[in-house]
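Here's a solo chain for you in structure tokens, the form predicted alone.
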């Protein structure tokens, strides 16, 4: 049976300002990019239950972080600590059975698994002046000696609730941050980022992301329909 084709669209599908601009010093200090079409799962369980933690680690291929404001990553799956008994998983859409795997692994344990894929997206900010851009609208101290690689924190950026994670620098040593933002705030935040980055210069690759998918792919259809 042939399944009809639909198109999954990112939360920034209407933000089509894909552009580049030099800053006042003649450089482009940051790059803005959406990491669209990721799977987002909210997990909750008893952190003192070692068996539940082991089961989750086996299912996900990476352990749940227990240290506050940190994340663990393996095979493109990232698990962020949100609270003592709460985590956010961000994974590629190729892991379409991730929900079933963790639910099956936690059978018999007190837990909660919520698929929030359609309600969030990830914006990557990287560049030599990335921290300067954050300083325009965030009160967190993101200096590399304070906010280190592997750390994450929930805060406000331009009055928008976000989850900020400090990623490993790229091959050129360029600083990278990923921001998880709710779908309803994504377009506003994208416009704010581009506007705030004018003085330092930017490459803007946000928006207009589309991905063909079949109707039997639950995670991708969810991303398009919510």
Partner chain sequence: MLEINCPWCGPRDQIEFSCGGEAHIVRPLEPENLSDDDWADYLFYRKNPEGRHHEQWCHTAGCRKWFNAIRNTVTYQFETVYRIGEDLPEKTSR
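All values reported here derive from a predicted model rather than from experimental measurement. Numbering follows the first chain given and starts at 1.
Keep in mind the form predicted in complex with its partner chain is missing from the figure; the text below concerns it.
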item	value
Listed residue (184, 57, 174, 69) with a non-hydrogen atom within 4.5 angstroms of its partner chain in the model of the complex	69
Listed residue (104, 114, 154, 75) with a non-hydrogen atom within 4.5 angstroms of its partner chain in the model of the complex	154
Proximity of residue 83 to its partner chain in the model of the complex, heavy atoms at 4.5 Å	yes
Its partner chain contact in the model of the complex: residue 191, any heavy atom under 4.5 Å	no
Any non-hydrogen atom of residue 140 within 4.5 angstroms of its partner chain in the model of the complex	yes
Its partner chain in the model of the complex: contacting segment from 93-101, 132-140, 119-127, 106-114, heavy atom within 4.5 Å	132-140
